[in-house]
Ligand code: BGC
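The chain below stands alone, shown as structure tokens; this is the form predicted alone.
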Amino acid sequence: MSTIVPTTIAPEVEAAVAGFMLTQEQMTEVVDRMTKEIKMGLSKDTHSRAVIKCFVSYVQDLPTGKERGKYLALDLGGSNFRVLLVDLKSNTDIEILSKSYVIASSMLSGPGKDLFDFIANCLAEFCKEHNLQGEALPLGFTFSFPLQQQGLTKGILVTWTKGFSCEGVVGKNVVALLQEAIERRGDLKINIVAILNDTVGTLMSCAFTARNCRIGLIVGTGSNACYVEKTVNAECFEGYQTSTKPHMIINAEWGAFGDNGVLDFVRTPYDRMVDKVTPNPGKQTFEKCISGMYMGELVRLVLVDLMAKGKIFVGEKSERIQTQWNFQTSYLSEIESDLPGDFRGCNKVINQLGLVGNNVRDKVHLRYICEAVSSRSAKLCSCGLVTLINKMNINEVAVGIDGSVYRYHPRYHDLLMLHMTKLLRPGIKFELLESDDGSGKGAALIAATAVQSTTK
């Protein structure tokens, strides 16, 4: 006997998530406001008070497809980090060896010196495993935290995000901190030739094969984007008027959009509740509406609210659902992957949350809440991408994308395509490409272009 699935949503559930349902008018307004903020970030006069900082990446050369050789890459962007050996044999044959290392949670808030010593130890272990001790290899360092670059090998940490709070790092050049840790060991010949943000790596990785790639986007634990700007518009670059190179990749750091209140008109009470319990309240407003670190918690808060009002999972008690951060963002993907009338993913999640959940209506409502949160994320992300495409004023573009939300959410790609098409002026062609290891391959490509431009 098949289950009869109710199609109507209870008014109380609709009301709870109404704030997540952005209208076309609201999205157009987001694009307008973001455009203003980006212009402020680029301009020398307004940069200091801009919330979207539009940092200069010092990467002016996109790959030609002719880069060759062996490079090390280090990818630090969360509680796992990776060391990679990338061998660019041809533009289609790239050999990548990599190993992941877990950073102990105590280290995320300990002294910065301990963190960099640990990274240097892992680098040494990796080099030993692959018999690289004797080779002086160039290294590209992907560092996925807000960074103010002052050169290709000088990047100052602006603020920690994503749960990190190591002391003695903010305001310092992280390349120097890592190079010092390497030198303290005395057994490694590694030359850090470039530090980059993961968005820049993503752009470079895609541009190696897709020549018209001009945007790198991350939608994972955090969210950020970079894009190719005309050098003359990058006023915070010392040589913006004299550089012979026409382009500069700009690391937008768009996660901070709205930190000045301009996004309050699309934020919900649940967003404010999430913000209060993060290590950085009042910061990374746009990111907190979009990225994987917060989507699950937003759903949990809606659920807790509706359960307290007796509108969902009536009569059920669950300690797990009452605990902060216990609704994982991967649950949204599981629930939204179910086909209509099938609740396998949903049942699994309900079970993991310590609920019985025998009522089909509750399952329909749970999915509706998940869809509201993930659709809002994709809509805001679309607004950001459209802002960048309009800013570049180009008619054809590829966007390189990485991050767990884009990779694993069943509808995210389609939602971006739908909403970007609605927001862009007619006739603009765009494609969204899943990046092939931007942080690793992208870092190696930047190291390669850096080495090539110094040997010219």
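Quick note: we count residues from 1 along the sequence shown, nothing fancier. All of these numbers come straight from a predicted model, not from anything done at the bench.
Keep in mind that the form predicted in complex with beta-D-glucopyranose is missing from the display, and what follows is about it.
In the modelled overlay, beta-D-glucopyranose taken from its pose in the model of the complex makes no contact closer than 2.4 Å with any backbone or C-beta atom of this form, which marks the pocket as open. Only one segment in the set 284 to 292, 345 to 353, 305 to 313, 230 to 238 has any non-hydrogen atom within 4.5 angstroms of beta-D-glucopyranose in the model of the complex, and it is 284 to 292. Comment: beta-D-glucopyranose is not present in this chain, but in the model of the complex one of Q149, S374, S144, T329 has a heavy atom within 4.5 Å of it, namely S144. Checking G384, G222, G258, G155 for any heavy atom within 4.5 Å of beta-D-glucopyranose in the model of the complex turns up a single hit: G222. In the model of the complex, beta-D-glucopyranose sits within 4.5 Å of a heavy atom of I218. Although the partner is absent here, K162 sits close enough that one of its heavy atoms falls within 4.5 Å of beta-D-glucopyranose in the model of the complex. Using a 4.5 Å cut-off on any heavy atom, the one residue of 239 to 275 that reaches beta-D-glucopyranose in the model of the complex is E253.
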